[in-house]
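Below sits a lone chain in structure tokens, taken as the form predicted alone.
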């Protein structure tokens, strides 16, 4: 897989979340616009099959062709893509009609993955539907950059935590199955008290310590497993710390690497632009949110983390 990605020079980003209403589609469309304005050939794929709406963020009439045509009429993905009105940026809209995420079978899912990887683009950003359906998780796991979006509200944070946990479990399940470790894992978990295992992180560490082969498997399979976190609609300095706290929780309980890639401030102009079906990145260039989205996009491209709380609040970072 790494050699294939290097050869095609295409980076696939998948943006998911635990619940709707967190601004996931807004941020996906804005990051795609940011990348396109930098000269990168970018394709947006609206994979929220039950509620595709990315076309609204560019003032487009609902495209006639969608993923329905890809699945039912075998129309190539590249032919479904429409121009957004922004240079270097195209959109493939999700299914509006008879399909939803639950109706896609395994063969269709694999076909979609193959065709997405073959698209002629520098960047492909996939906007996933909210929730933890298997098809959503599997699409998320196929990406080069896995990105989650939430807002600093308790219910949204809890849903985000569940989403990340589900993604991690799905990844581990695929590893256990691929290397025939299911029986060993189940037996170890049944005897977790004797082994002083209290969390999934403890379980994985116990398995790795008990076998050099298993340690090698996890090092290989999980070496590039990184989840990028974006906080949307931040209103106070305390809100900013939510990302750092969620990152620590994931590390403590799962041993999972989460990179806090940044936040966007609350701005009433965002909703105004959405209602007017205007591109926020073009119509509000003086808004702090535009600068924040550019920084987030750069952090994800370079895989550099957002500044720590100490750096943020001791005056070293503006």
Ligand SMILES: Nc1ncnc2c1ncn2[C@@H]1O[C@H](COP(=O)(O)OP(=O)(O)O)[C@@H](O)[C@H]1O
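Please read these numbers as outputs of a predicted model, since none were measured by experiment. Positions refer to the first chain, counted from 1.
Form predicted in complex with the ligand: not shown, discussed below.
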With a cut-off of 4.5 Å between heavy atoms, is residue 11 one of the residues that contacts the ligand in the predicted complex? no
is_contact(residue 281, the ligand) in the predicted complex, heavy atom dist at most 4.5 Å: no
Please determine whether residue 270 contacts the ligand in the predicted complex, using a 4.5 Å cut-off between heavy atoms. yes
Taking the ligand as it sits in the predicted complex, is residue 159 near enough to touch it, meaning that at least one heavy atom pair lies within 4.5 angstroms? no
Within 4.5 angstroms, counting heavy atoms, which one of the listed stretches 35 to 43, 258 to 266, 59 to 67, 245 to 253 is next to the ligand in the predicted complex? 258 to 266
Among 90, 166, 135, 232, just one has a heavy atom within 4.5 Å of the ligand in the predicted complex, namely 232
From first to last in sequence, which residues of 13 to 30 have any non-hydrogen atom within 4.5 angstroms of the ligand in the predicted complex? 19, 20, 21, 22, 23, 24, 25, 26
